[in-house]
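So this first bit is one chain, no partners, the form predicted alone, shown in structure tokens.
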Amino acid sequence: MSYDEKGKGGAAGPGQDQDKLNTELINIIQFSEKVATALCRKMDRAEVLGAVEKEFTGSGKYTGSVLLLAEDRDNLEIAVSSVSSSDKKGFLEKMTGNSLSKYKISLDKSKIYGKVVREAQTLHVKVSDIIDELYPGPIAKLISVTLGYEKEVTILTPIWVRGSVGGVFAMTAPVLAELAVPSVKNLAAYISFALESASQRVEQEKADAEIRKLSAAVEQSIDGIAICDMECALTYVNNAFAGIHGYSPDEMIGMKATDIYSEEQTKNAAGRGGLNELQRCWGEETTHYRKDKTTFTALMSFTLLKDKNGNPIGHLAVIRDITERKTMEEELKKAQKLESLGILAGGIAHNFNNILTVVVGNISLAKMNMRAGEEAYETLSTAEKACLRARGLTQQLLTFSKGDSTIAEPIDIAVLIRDSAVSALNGSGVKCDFSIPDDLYSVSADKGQISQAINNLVINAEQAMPEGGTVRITAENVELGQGHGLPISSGKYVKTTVKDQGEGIPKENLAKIFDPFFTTRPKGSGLGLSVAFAIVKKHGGHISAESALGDGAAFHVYLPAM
């Protein structure tokens, strides 16, 4: 019968000595306190169940079992059971055909366990009554008689997990009066608390591990990640976000996000109702300010953060510095444009060269029928020289379009740079300053063509300084890794820089300086830089230029090292 139905404080049975019952009750209370003490600070479920088994097995008097609901909540699984002797345990497992750890009790089959779990009752019953429910008559009788269960009683009480019954605690002894029920219920409460605390601790550890994993992912991300509140004050930035902007993370906390936005981005946000009205945007290219007030191009995604009630609480921004990517795209576009122009220029130059050959040939024939000094002879000589100059231009166009055939050989690039520069500046009022290390890599290239490319760059620098000045030429060994931003392969290169002290190149002209026939100088042909670009490209290298008005221009030549 249910203890709760009969009421608390049930009397001793007939013939039971009250003093013995009181002594037994005290023993149970003391034993319960001992088990409760053993359960303190157990870290996980296995430790809790292990402590229960250890204490009951060590008692030599009581048997304790913890049965927990299976996932289907229709069966109980024996989580731990301390049978007083290994012989009993072996006999039970032999009769059931299963180890105790794998044995399941159906709540539909057992009315006793069903009441404890489904009605949350605490029951004081004979062990043999439970055996009768679980096994066929002859087997049940054999188990009860053999193991002495006919003389033993057990108290079954619910184990509570998060407000609902999650299992059953069973305590068995030869003498276990109903007076012990409150103590057994208290012990079940200790076990419930220990199991729930262990479960919460494991869940918390898992949650903490997930948080650490996410935190590490965010902190180690190559993309900048930041969170700001509804007032646009930054409340969190990862290392990448701070590094991209030239700050430390601590420096950025509390800053206004608008402090790093360009005017263009602020206007765009205002045009869409303000930053707080933006729900989400992806892949928006924008410009941000660094700490030193320089700018960079960023690819930015933007999300409005909301609390569990749907109220906006801030913004999440993810950005990536795409300056190098944009530079590479521009260089690739430039190279493709020059390649297209080269095909066009090559076709024109080839046809024009054929025409010039006929013209020069006929002029030579006409001069053969004249004497030197005659007016017509001199006129034809002037025309012949003009045609030869035109042929020189067509040859440069052909070099730009497809280049002459190269004869690659190992060359001392340091010597070649010096000789080409000195030759180009011979007789001019411009000086040359060299900074070339002794351990410069060797280069496999066509000596004549590379000399022409360097010559053209130096002449361009000299023409940028009509009043005189100094051309500074530096060379160095460099190794380009992944993401270097240039349209050439990664690897080792010799980088040569030719810098002048001229007025510089306007920004709008910088993208066109390698176009054939583009020039801003009255006497320039507009082919020198184009030819240099074509030669270097044919050798697997690249030329880039940078300039600022009033600070001259610098051309960087990259040639693959051997």
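One-based numbering along the sequence shown. Everything numeric here is computed off the predicted structure, so don't read it as measured data.
The same protein has a further form, the form predicted together with a small molecule, not shown here; the description that follows concerns it.
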property	result
Contact at 416, 420 and 496 by the small molecule in the predicted bound form, all three, heavy atom at most 4.5 Å	no
Listed residue that, although the small molecule is not shown, lies within 4.5 Å of it in the predicted bound form (heavy atoms), from 464, 112, 80, 244	464
Candidate from 35, 69, 529, 49 lying within 4.5 Å of the small molecule in the predicted bound form - any heavy atom	529
Location of the small molecule contact in the predicted bound form, chosen stretch of 38-46, 501-509, 52-60, 25-33 [non-hydrogen atom, 4.5 Å]	501-509
4.5 Å heavy atom contact, residue 558 and the small molecule in the predicted bound form	no
Exercise: residue 553 in contact with the small molecule in the predicted bound form, heavy atom 4.5 Å	yes
is_contact(residue 519, the small molecule) in the predicted bound form, heavy atom dist at most 4.5 Å	yes
Partner contact for residue 513 in the predicted bound form: the small molecule, 4.5 angstroms, heavy atom	yes
